[in-house]
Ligand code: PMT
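Presented below, as structure tokens, is a lone chain in the form predicted on its own.
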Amino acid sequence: MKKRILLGVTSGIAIYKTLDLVSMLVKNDYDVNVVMTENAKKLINPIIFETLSKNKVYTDVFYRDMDVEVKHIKLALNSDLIVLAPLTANTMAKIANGIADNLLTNIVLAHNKKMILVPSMNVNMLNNPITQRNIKQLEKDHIVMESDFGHLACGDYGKGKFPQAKRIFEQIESYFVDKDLQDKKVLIGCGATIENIDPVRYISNFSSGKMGNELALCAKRRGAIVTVVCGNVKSDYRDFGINYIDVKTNEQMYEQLNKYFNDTDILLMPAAPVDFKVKNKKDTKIKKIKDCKNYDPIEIEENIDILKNLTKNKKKQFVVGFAAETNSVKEYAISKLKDKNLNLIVANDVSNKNIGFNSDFNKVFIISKDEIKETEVLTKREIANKILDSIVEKKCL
């Protein structure tokens, strides 16, 4: 069944940006009802919101139609979530003090669930002690999103900017996820490491970091405090409030993971560290020469095994390793489970070009000491949730 979002729109200058949010929600199968204040109608025609949401826009508490139910009570009770975006200082003050003088504030007062509030205003209005007191008051009962920092419509520079629609959408998505990892500290190694040959060439692998990023996002949605130690990746979710620490080499990744490991509840290690490093790497670029036989041979040596070294000091931590194999997938994974002192290992066949590296899809084995689960081909976000489900089940968090 579709989740029903009631979107309250007040008369902030960023009102036009809310159109992107409505479009995003509808495309992701949410049922969106928009309520506008009278002043908001002066900035943008309600017809635009009606066209995007495919629902009637409500504006007047005294409007009469064939529905005999009290409009603000019905809208409040029928909504799974209320989002106010943009939220002006004026409407914020009314809500914080229980004032109900229009349809939107009546709905808010009749609503008995947590709301998502998205303040957007001039930096001086935002920093005013009265506004700050109102924000602190509302944070006791609701989710108050932090404004972005940047150039404002009035010409000032500072906090108060309307957040990107994708940030608000992510907050809405997170709202509906069970918080079965609430306040658990989750540490993730993500992406490929790099080992230099010379200042412009290096050894690495094809890992995109997508699996690590999806694990980070899904864990955060479940309430975890997430830290990602991140090698070479093609994208990330740091815009959503996830802490990313950028590293390059195996040594750097190990150093950062080890720094946080003792205070970690769950370590997830989908990173793809380079197994070898160059013993005789050059300080200057290796120049092209005609006869390849005259090149100095590149000597390699074994690199630090990050996961094996971390688990030597394992105490309370629940540790999940990953095995990207091209053959004998389950057999190699089971041997790594024992050898690296893991609680779970997730194994997949990277010889299949349709899944694994650089793909949004995967098919994996989730292996513990007493069980092997095989998934279907799923999105990496779905795989991430399967892995987290297994952790919750095993650890009984």
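Counting begins at 1, following the sequence as shown. In this text the structure is predicted, and so the values were computed from the model without any measurement.
What comes next is about the form predicted together with the ligand, which is not displayed.
The stretch that touches the ligand in the model of the complex, counting heavy atoms within 4.5 Å, is 209-217, out of 76-84, 209-217, 138-146, 108-116. For the three residues K17, G160 and R238, a heavy atom within 4.5 Å of the ligand turns up in the model of the complex in no case. For L104, no non-hydrogen atom is located within 4.5 Å of the ligand in the model of the complex, even though that partner is not displayed. The shortest heavy atom separation between D178 and the ligand in the model of the complex exceeds 4.5 Å. K340 belongs to the set of residues with a heavy atom inside 4.5 Å of the ligand in the model of the complex. Taking the partner from elsewhere, L307 is found to have a heavy atom lying within 4.5 Å of the ligand in the model of the complex. This chain is drawn without the ligand; in the model of the complex, the residue among M269, M92, V186, V247 with a heavy atom within 4.5 Å of it is M269. When you look in the model of the complex, the only residue of S328, T51, N358, N352 with a non-hydrogen atom within 4.5 Å of the ligand is N358.
Shown without its partner, the chain has G321, F322, A323, A324, E325, K336, K340 in segment 321-343 as residues with a non-hydrogen atom within 4.5 angstroms of the ligand in the model of the complex.
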